[in-house]
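A lone chain, given as structure tokens: the form predicted alone.
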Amino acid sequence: MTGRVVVTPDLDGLSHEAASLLLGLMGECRGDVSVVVSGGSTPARLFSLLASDQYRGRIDWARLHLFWADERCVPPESPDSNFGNAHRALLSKVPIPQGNIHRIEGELPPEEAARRYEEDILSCFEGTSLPAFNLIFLGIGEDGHTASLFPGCEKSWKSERVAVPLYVEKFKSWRVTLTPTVINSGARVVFLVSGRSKAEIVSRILGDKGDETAFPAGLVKPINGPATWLLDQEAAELLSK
């Protein structure tokens, strides 16, 4: 077992659970709160929820700093941009200061984008070479990737850098991603996983006979305590009770 598991009835329940976790964290912390978000369809529901009347007014946006786990090397207006999707669903609808939004500049050459993102992060965590985000939300692909750490990119997994560029052969495209070193230093790491298409990979990582070390997501082992897996019923259907 590579983490703590919470099963919710559906994507909506999972998103409310994640939103409540964020609210609780902001209540516990003094000062600024650093949160890393991911791309994909599952976080999109969380973004919409945080922008809704139910949650928007309960978050102290001036204290919240948002970062991204990874980004495709595309302009922010591209439909493939993780930042762009978050901006449309959330950032454009809430009073978060512009200086609190720390995006990966995917329109730049990959190495430059990674370097500038790394510099931005380290400037927010002065006095340390290893940033410790308060909360990191991750997803998982059907192939076991998380952030932009894909099977076959093992060299990037072992980097001591904060962020690295990498070419994903599967998609014939460049991306920038946080490294496992940084992810595993997060105070809280939470996977958001929904849908029946994720059930097999969830079972392979979290099941009784799991082979988590075969997948990037299974190698996420935070030093501050086990990761939390927020699953909906479909994603958890192959796990034993």
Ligand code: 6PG
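So that there is no doubt, residue numbering starts at 1 and follows the sequence shown. Values in this document were obtained by computation on a predicted structure and should not be read as measured data.
Although not depicted, the form predicted in complex with 6-phosphogluconic acid is the subject of the following passage.
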query: is_contact(A147, 6-phosphogluconic acid) in the model of the complex, heavy atom dist at most 4.5 Å; finding: yes
query: Interface membership of G139, 6-phosphogluconic acid in the model of the complex, 4.5 Å heavy atom rule; finding: yes
query: Any non-hydrogen atom of G40 within 4.5 angstroms of 6-phosphogluconic acid in the model of the complex; finding: yes
query: Distance check, K198 to 6-phosphogluconic acid in the model of the complex, heavy atom within 4.5 Å; finding: yes
query: Which of 31 to 39, 199 to 207, 182 to 190, 50 to 58 lines the interface with 6-phosphogluconic acid in the model of the complex (heavy atom within 4.5 Å); finding: 31 to 39
query: Contacts with 6-phosphogluconic acid in the model of the complex, stretch 74 to 106 (heavy atom within 4.5 Å); finding: N82
